[in-house]
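Before any questions on how it binds or moves, here is one chain, the form predicted on its own, in structure tokens.
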Amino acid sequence: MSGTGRALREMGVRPKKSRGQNFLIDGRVADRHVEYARISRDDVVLEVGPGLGILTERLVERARKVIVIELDPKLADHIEDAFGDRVELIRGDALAVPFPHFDRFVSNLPYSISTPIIFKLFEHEFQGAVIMVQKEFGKRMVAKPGELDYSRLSVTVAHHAECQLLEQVPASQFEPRPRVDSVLVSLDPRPPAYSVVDERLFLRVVNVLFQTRRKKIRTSLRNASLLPDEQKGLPHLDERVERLSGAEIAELANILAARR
């Protein structure tokens, strides 16, 4: 049994698959993770799911302030005992509690909450993020139009940030060992290269089209009551969303906004 496994056993923590609890055990990976984040002494860093604190102990050495959100009561107790007032601990569900102000986001995200956490992340202003996610999820984050992994996630990420896969992390570096490898991913916020008239409508159109990605765009918009009576000049109606770029979806959404 690894040191991580013994520590979890001593705390009475049984990792839950439903929460995607896989704990990083390689300090060298944690070192690189934090190095990629380019943290300064002026930064406030937010970490979701600190677990045993392998990232946290490195973050407190670099940042002005570290805030962690932990749902598991026993793990939260461990973080409180290990770091005391060196971190601000928020006990609760990261999907439910409001995010405090932060400059940088550094986390090993459980797969089960990766999508909603990233969408929530983009509701806030921040300088940069480096996250650990499962390999297949990371591929969806950077997928381009026409690729098999292209999805709502791909468009949303590209709309808000420059995204880069940094390195692959083998499943053997986690306890318990997951079935798949992970990747470290960076997010650097920046405005999109296209204009959007109505941000909420654009994101709704993205969501609607990818929910029915095998249907033609005309059909998807009609079923969602988004197709206007006057369709002349509406682009891409006979195409499928999996081949449209964010800019092309924005073009469509902007015309829809003007005809509402």
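Quick note: we count residues from 1 along the sequence shown, nothing fancier. Given the structure is predicted, the values throughout are model-derived calculations rather than measurements.
Form predicted in complex with a small molecule: not shown, discussed below.
Open item on the list: How about residue 103 - does it come within 4.5 Å of the small molecule in the predicted bound form, if we only consider non-hydrogen atoms?
Closed with: Residue 103: no contact with the small molecule in the predicted bound form.
TODO: Answer for residue 181 alone: is it within 4.5 Å of the small molecule in the predicted bound form, judged on heavy atom distances?
DONE: The answer is no: residue 181 has no heavy atom within 4.5 Å of the small molecule.
Open item on the list: With the partner left out here, check for me: in the predicted bound form, does some heavy atom of residue 34 sit within 4.5 Å of the small molecule?
Closed with: Looking in the predicted bound form, residue contacts with the small molecule do not include residue 34, since no heavy atom lies within 4.5 Å.
TODO: Report yes if any heavy atom of residue 94 sits within 4.5 Å of a heavy atom of the small molecule in the predicted bound form; otherwise report no.
DONE: Yes - in the predicted bound form, heavy atoms of residue 94 and the small molecule come within 4.5 Å of each other.
TODO: Taking 4.5 Å between heavy atoms as the contact cutoff, choose which of 113, 153, 187, 166 touches the small molecule in the predicted bound form.
DONE: Of the candidates 113, 153, 187, 166, 113 is the one lying within 4.5 Å of the small molecule in the predicted bound form.
Open item on the list: Based on heavy atom distances of 4.5 Å or less, which listed stretch (120-128, 86-94, 155-163, 133-141) is in contact with the small molecule in the predicted bound form?
Closed with: One stretch meets the cut-off, namely 86-94.
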